[in-house]
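Shown here is one chain on its own, the form predicted alone, set out as C-alpha cells.
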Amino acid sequence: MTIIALTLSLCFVLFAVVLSRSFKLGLEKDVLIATLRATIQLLIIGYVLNFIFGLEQLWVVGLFLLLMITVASLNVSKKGKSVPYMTIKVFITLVIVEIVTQALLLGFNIIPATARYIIPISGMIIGNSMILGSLLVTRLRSEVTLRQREIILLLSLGGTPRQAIMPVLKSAVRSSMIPTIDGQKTLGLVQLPGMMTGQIIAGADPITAVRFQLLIVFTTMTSAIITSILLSLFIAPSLFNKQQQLQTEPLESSS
C-alpha cells in the first residue's frame, strides 16, 4: 500500500466524524484522538518489531511481552479501580494465560521459538484476554448489583462467601464469554479474521492461512476461559469484608 492510498483511507475517518456531528453524538474528538493514537502507536511498533525480529533474542521478546501485559493490566484495572491490588490481579492472570498458551505452543512444537511467531500470536492472546477481563469486571458489577439480596440471603442462612458468590461468578463468566463464542461461531461465514485475510492478501496459500487462523481460534478460546475464571476468582474475595459480609463498593465505584 502506498502512502497516497493510506492517506486517502482517512476518508473513512472523515466520514465517521461527519456522521457523529450530523447526529450530535459527540464522538468527533474521540474518533480523531483514537485515529491519531492508532497511527502513532502502530508506526512506532512497526519499527520496534522490525528491530526485535532482527535481534532474535528471547530475553528481548520476554521484556516486550511483559510490556504488553502491563499495558493490558492497567487498561483492565480501570474497570475496577477500588478493588484492592486490581492491577496485580489482572497482571498475574495475564501472565498465567501467556505461560500456559506459549508452553503448549512451544512445547508441542506447534510454532517455532522465534520472535516473528511468538510476539504476534501473544499480542492476539493478550489483547483478547484484555477485552475479556474488561467485560468480566463490567458484567460482575451488574450481576452483584442485581443479585445482592440473593447473596445476602445465602450468607444469612449460613452459607459461606464462596457458596454465595459462586453462582454470580458463573453467570458473569458465561456472559463475558458470549462475544468470543458467538464471534467464533460465525468465522468464515460472517467475518474473515484479520490474520487469515492479511496472509491471503500477502499471497499466502488460503489453506495455509486457514491453518494459522485455526491456531489463533483455538488458543484465544482457551485463553478467554482461563482469563475469565482466574480473574473472577481473584476478585471474589474483595467483595466480602472480614466479617464475611457483602461489600459492593469495590465494583460500584469503578468507572
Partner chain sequence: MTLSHPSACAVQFQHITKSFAHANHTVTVLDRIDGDIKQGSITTLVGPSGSGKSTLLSLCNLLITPDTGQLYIQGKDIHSWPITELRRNVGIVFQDAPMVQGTALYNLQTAQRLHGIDIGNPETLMEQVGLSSSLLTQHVQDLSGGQKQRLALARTLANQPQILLLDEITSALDPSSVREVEQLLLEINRESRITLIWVTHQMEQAQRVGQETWFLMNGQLLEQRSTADFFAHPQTEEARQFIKGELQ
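Residue numbers count along the first chain shown, from 1. What you see is a predicted model; the values in this text were computed from it and never measured.
The form predicted together with the partner chain is left out here; the points below concern that form.
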*Have a look at 122-130, 106-114, 155-163, 93-101 and name the one stretch with heavy atoms inside 4.5 Å of the partner chain in the predicted complex.*
155-163
*Should K242 be counted as a contact of the partner chain in the predicted complex, where contact means heavy atoms within 4.5 Å?*
yes
*K185: heavy atom within 4.5 Å of the partner chain in the predicted complex?*
no
*Though only this chain appears here, would R147 touch the partner chain in the predicted complex if you measure heavy atom gaps against 4.5 Å?*
yes
